[in-house]
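As a starting point, one isolated chain is supplied in structure tokens, in the form predicted on its own.
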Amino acid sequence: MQESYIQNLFAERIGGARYGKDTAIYKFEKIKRAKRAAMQENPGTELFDLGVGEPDAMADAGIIETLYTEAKRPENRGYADNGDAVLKKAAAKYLQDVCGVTLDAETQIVHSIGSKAALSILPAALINPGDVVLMTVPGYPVFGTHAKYYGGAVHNLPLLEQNNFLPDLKSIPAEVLAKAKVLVLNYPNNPTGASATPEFFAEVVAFAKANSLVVIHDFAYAALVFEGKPLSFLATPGALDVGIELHSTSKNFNMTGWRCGFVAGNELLVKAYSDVKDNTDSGQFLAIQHASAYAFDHPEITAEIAKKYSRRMDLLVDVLKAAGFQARKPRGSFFLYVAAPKTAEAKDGQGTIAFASGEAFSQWMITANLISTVPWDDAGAYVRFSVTFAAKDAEDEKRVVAEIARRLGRFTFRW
């Protein structure tokens, strides 16, 4: 069949004339395919999904009721644009009460249609051809992807266990720093589960000022902490001079599909984001914004969610340690990031399986054990477990984790 002329019209940023011809399969698609195949091969056997990284529960009843009430108000039916005062005021109160940060609700806060949308919009406000973005790997690539769309480049900072999964800012070559414009961070971190420290954030502020950088802190797992209080980058002295922070209802309030959050911090950066956003979308439905405001007004909701994840994390850490993994409970998020073993020897004498990468181990975990994880091979061979697995209650959590222990217990792992 003759190829359509459309094939030659795609932008180079997505592949140009080669678009759609790449046969490489994205790792999450590989996971989906492996899960389907495993379930077909093992009908009636439960598959435990510890890879999704999406809350397993509904949003709080008060949030849902607020959405219902607000959706019936005629004044909420139109375009929201950059939002009204309801979410901004709730966000300002949340930052003050939960994070100890005082901001002007009118000039230093604006809503977003989730953090992903904010990360895709911000490069338009900051990146020119040739500019460099400093990003951590493994990590969430959206800002870097869009920066490259605008002709920018990405310099990766590996997150290594020996550095507590914090980037080594001193490792950046001088020629890269000379072109660098933005540093993107995310703590508590996806996928490592690592948390930042006040000392690290102070180093970041000093580094940004010394090198004229903008700092964007993706605070998606803000209050999902197991000890102490949430550590906002904006609470760092001088942070408002250099950066902004992205907040979201998705993980903190079991509202992933609702797509609502806010951008907060440096007034000029917030204005720039707002201006580009105003030419990108027409705002999130006001009823959803107002339901999100209810959520931010009730941080105790997140505290209860964090207790559940903490309980599950204790169970999973014990199981993985018993199997030989160097598993340590993180201080926040719902992710447990561990080095992938090099081999698994079946205790029934059926042989030894070797793993060349985290992805190879993750695929084997699905096919041989019906346990789904997410592999990361960007800075060593690792896999990420998520404690967002489906379970009805605390007793059911014990059942799930006990079965995971049984399945892993059939093998001896070596690193």
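Bear in mind the structure is a predicted one, so any value in this text is a computation, not a measurement. Don't overthink the numbering: it's just position in the shown sequence, from 1.
Below, we refer to the form predicted in complex with a small molecule, which is not included among the displayed structures.
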(message) Among the candidate stretches 167 to 175, 88 to 96, 114 to 122, 324 to 332, which one is within 4.5 Å of the small molecule in the model of the complex when only heavy atoms are counted?
(response) 114 to 122
(request) Identify, from the list Thr236, Asn190, Asn254, Gln284, the residue with a heavy atom within 4.5 Å of the small molecule in the model of the complex. (result) Asn190
(message) Within 4.5 Å, heavy atoms only, which of Leu320, Ala344, Val205, Ala220 is in contact with the small molecule in the model of the complex?
(response) Ala220
(message) Counting heavy atoms only and using a 4.5 Å cut-off, do Tyr140, Ser248 and Arg259 all touch the small molecule in the model of the complex?
(response) yes
(message) When the contact criterion is heavy atoms within 4.5 Å, does Ser292 count as touching the small molecule in the model of the complex?
(response) no
